[in-house]
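We begin with a single chain expressed as structure tokens, specifically the form predicted alone.
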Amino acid sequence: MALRIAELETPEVLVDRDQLLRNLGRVQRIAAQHDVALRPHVKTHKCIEIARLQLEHGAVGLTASKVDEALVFIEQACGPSFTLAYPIVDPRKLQRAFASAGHQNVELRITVDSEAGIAAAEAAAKSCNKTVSAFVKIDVGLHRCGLVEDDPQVVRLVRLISSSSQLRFAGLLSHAGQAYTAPDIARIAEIAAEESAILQRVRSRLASAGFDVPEVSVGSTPTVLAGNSFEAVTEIRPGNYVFLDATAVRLGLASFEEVALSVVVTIISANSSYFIIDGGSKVLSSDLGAHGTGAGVGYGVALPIDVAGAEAAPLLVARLSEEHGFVERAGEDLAIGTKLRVIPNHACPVANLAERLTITSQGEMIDQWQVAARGKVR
């Protein structure tokens, strides 16, 4: 007999398979509606089974950040192509990636934003006797990696790539991660439109310099879910959409019912201010949201395990230590031993902290999937 959620040992990271499939379908329909390719980011789940579901739903390939993360999926023959959406400047890492991709007959696309990155890619590609597609990353407002649109280096890097015998210019790539700081959906939609406009201007500038831009790839769950137009975009790379989390709820992109990932915990103690749960920062992470953003209050919300809806009166996870969470009582009187479902601020690091995901349907455990790329950060 299948175990009910209330019967599981805790803490345990849960994924509601039915909601997971609905989330996959939601974004695949967005891609079809706007005639753009979907290449989801596996850093959110790091799980082979979920990657295969994404491909079955229509994803054209996958995206990763780090080389060793990508290799887990490449070596399991997950998809025909992979994009590394992260500037890598160590040729040894790229050699590993190129060799594995060649062995598995997988197309590997890389990202650069410097001459050092191009030199590393050329050296690695030459050592493996490969020709590799390279995107130039454009900073559309997050101010992390990438070149701002009017930087003279944009044209220079494209020229260097185009003149290389080892590299092909794949196009432009961006990530509007600043959308996670937006106050509402309207502002997220504005950020998505600004991203598209910036990329269109860069594309026009490159055309004037004699360069065709084959692809324009953007990635951010908020801008994909809230965007109204994907003009100039050929590909989207969201990651968090598979699970969603308390940040997505805060931004108005989802309800609690639409969040597929949660952590079941047990109240192990209580005092006048808090219920103490058996899930701390080693389970929930201490992340306030993507890129360290968030509402600035708490580390997630706790719901009774049998109710996922907004009517469930969520309780704030106010503090964390390594093995304990502090849930504000808010006038509630729950018995020690009560099970709660915590919706974390940021699902991605929670999945990376887990060895496995416990898959549920209609309140029962139906499977367990390994987090195969857990800890792959090189």
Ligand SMILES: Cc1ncc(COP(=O)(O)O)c(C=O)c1O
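All values derive from a computational prediction rather than experimental measurement. In case it trips you up, residue 1 is the first one in the sequence shown, and so on.
There is also a form predicted in complex with the ligand; it is not shown, and the following applies to it.
J.: Counting non-hydrogen atoms within 4.5 angstroms of the ligand in the predicted bound form, say which of A85, I191, V158, V264 makes the cut.
T.: Contact residue from the list: A85.
J.: Identify, from the list R144, R205, K282, R92, the residue with a heavy atom within 4.5 Å of the ligand in the predicted bound form.
T.: Filtering the options by heavy-atom distance leaves R144.
J.: Please identify, from 264-272, 102-110, 161-169, 213-221, the stretch that has a heavy atom within 4.5 Å of the ligand in the predicted bound form.
T.: Only one stretch qualifies here: 213-221.
J.: With a 4.5 Å heavy atom cut-off, would you call R187 a contact of the ligand in the predicted bound form?
T.: R187 lies outside the contact set for the ligand.
J.: Give a yes/no on whether K43 approaches the ligand to within 4.5 Å in the predicted bound form, heavy atoms considered.
T.: K43 belongs to the contact set for the ligand.
J.: When the contact criterion is heavy atoms within 4.5 Å, does S196 count as touching the ligand in the predicted bound form?
T.: Result no; S196 lies far from the ligand in the predicted bound form.
J.: Residue-level question: is G227 within 4.5 Å of the ligand in the predicted bound form, judged on heavy atoms?
T.: Outside the cut-off, so no.
J.: Determine the residues of 166-183 with a heavy atom within 4.5 Å of the ligand in the predicted bound form and present them in sequence order; the list may be empty.
T.: If the 4.5 Å heavy-atom criterion is applied to the ligand in the predicted bound form, 166-183 yields H175, Y180.
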